[in-house]
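Quick heads-up: it's one chain on its own, the form predicted on its own, in structure tokens.
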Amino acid sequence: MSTATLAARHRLAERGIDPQLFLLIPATVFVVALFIYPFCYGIAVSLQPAQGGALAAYRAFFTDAYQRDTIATTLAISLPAALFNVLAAVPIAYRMRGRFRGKRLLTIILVVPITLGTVLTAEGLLNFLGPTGWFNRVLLSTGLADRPVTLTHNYWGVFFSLVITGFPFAFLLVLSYLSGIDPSLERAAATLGAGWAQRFFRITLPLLAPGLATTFCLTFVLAFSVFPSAILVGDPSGSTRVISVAAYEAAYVRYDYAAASAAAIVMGAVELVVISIVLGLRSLLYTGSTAGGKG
């Protein structure tokens, strides 16, 4: 190591600066370029409508029921989907903590939907649950239904798509948190006579609670930003007209970029509110140590 390098490190140390902090520069540039700058640019564009003042785009969004209702529609789709993914992932991940034959194959099957993508998932749903899909063919041929059951191009089509694409993320995250919890804690409780339910609800679940909150937030963000599913297997002009569809129509149908940016900012604000509530509840429900876990 050269004398100049040693001298530079010595000067930084005298000022209380750790040279390893410079390793954060690439990540900082990445976050600023891909997240902070677009967000600030979007706010700036939303405050520059063609007419009506700086807040005209937001005023138009909240005074128009057709636009304003997209918030409730998006929440009605994303919250149940995120909650279902987390609740479904917990028992499966809990069972897969141990070693058993076929565990690797089962894990691969559960995470395969990550590789499919939203478009391929939507195509599969149309082929399976569509009016002429396999599911309806079976119902009609067996006499269980006298007409096709409508499970696509509505709320349920989008919900099923979000479950298929979001569950693998929830499963992997919950499995990671569960793997970080020391199994000797449950074994110790078992030796003291605690049953399965007592061990899970009094030991595992409290340690897992922070991880479940984080998992819910991440899966909620994925579901809340739904766009392809709402178009391909939903009803984008009716029951599944979500905020992202409203933003797209404002930008590329009406060419009103201020309105599109305002819709996107509202979308981000709603996400932040929900995430803040979830993380706040996490701190209320669990205040103990997470030692031995990844929470």
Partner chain sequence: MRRRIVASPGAWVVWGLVAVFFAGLAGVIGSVVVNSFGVRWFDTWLPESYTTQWYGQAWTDFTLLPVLTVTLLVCLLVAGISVLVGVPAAYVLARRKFPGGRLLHLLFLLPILMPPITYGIPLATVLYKYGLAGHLSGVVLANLVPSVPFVILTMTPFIEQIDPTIERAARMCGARTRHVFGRILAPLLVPGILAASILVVVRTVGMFELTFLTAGPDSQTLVVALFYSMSAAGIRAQQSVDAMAVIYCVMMLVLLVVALRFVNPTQLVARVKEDPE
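Residue numbers count along the first chain shown, from 1. Heads up, when I say rigid core I mean the largest set of C-alphas that superpose within 1.5 Å between the two forms. Keep in mind the model is a prediction, meaning the values are calculated, not measured.
If you look for the form predicted in complex with its partner chain, you will not find it shown, but the lines that follow are about it.
With the partner omitted here, the residue from S141, Q198, S184, T150 that has a non-hydrogen atom within 4.5 angstroms of its partner chain in the predicted bound form is S141. Only one of V119, A145, A188, A72 comes within 4.5 Å of its partner chain in the predicted bound form through a heavy atom, and that residue is V119.
Shown here without its partner, the chain carries Q51, A56 and D235, none of which come within 4.5 Å of its partner chain in the predicted bound form through any heavy atom. For the chain shown alone, F216 is not a contact residue for its partner chain in the predicted bound form, no non-hydrogen atom being within 4.5 angstroms. For A76, no non-hydrogen atom is located within 4.5 Å of its partner chain in the predicted bound form, even though that partner is not displayed.
Although the partner is absent here, R99 sits far enough away that none of its heavy atoms falls within 4.5 Å of its partner chain in the predicted bound form. By the criterion of a heavy atom within 4.5 Å, V253 is excluded from the residues contacting its partner chain in the predicted bound form.
For the partner-free chain shown, R104, L106, T107, I108, I109, L110, V111, V112, P113, I114, T115, L116, V119, L120 of 104-120 come within 4.5 angstroms of its partner chain in the predicted bound form, judged by any non-hydrogen atom. In a rigid-core overlay of the protein, S184 has its C-alpha displaced by under 2 Å between the shown form and the other one. After superposition on the rigid core, the Cα of Y37 moves by 2 Å or more between the shown form and the other one. After superposing the rigid core, the C-alpha of G98 moves by less than 2 Å between the shown form and the other one.
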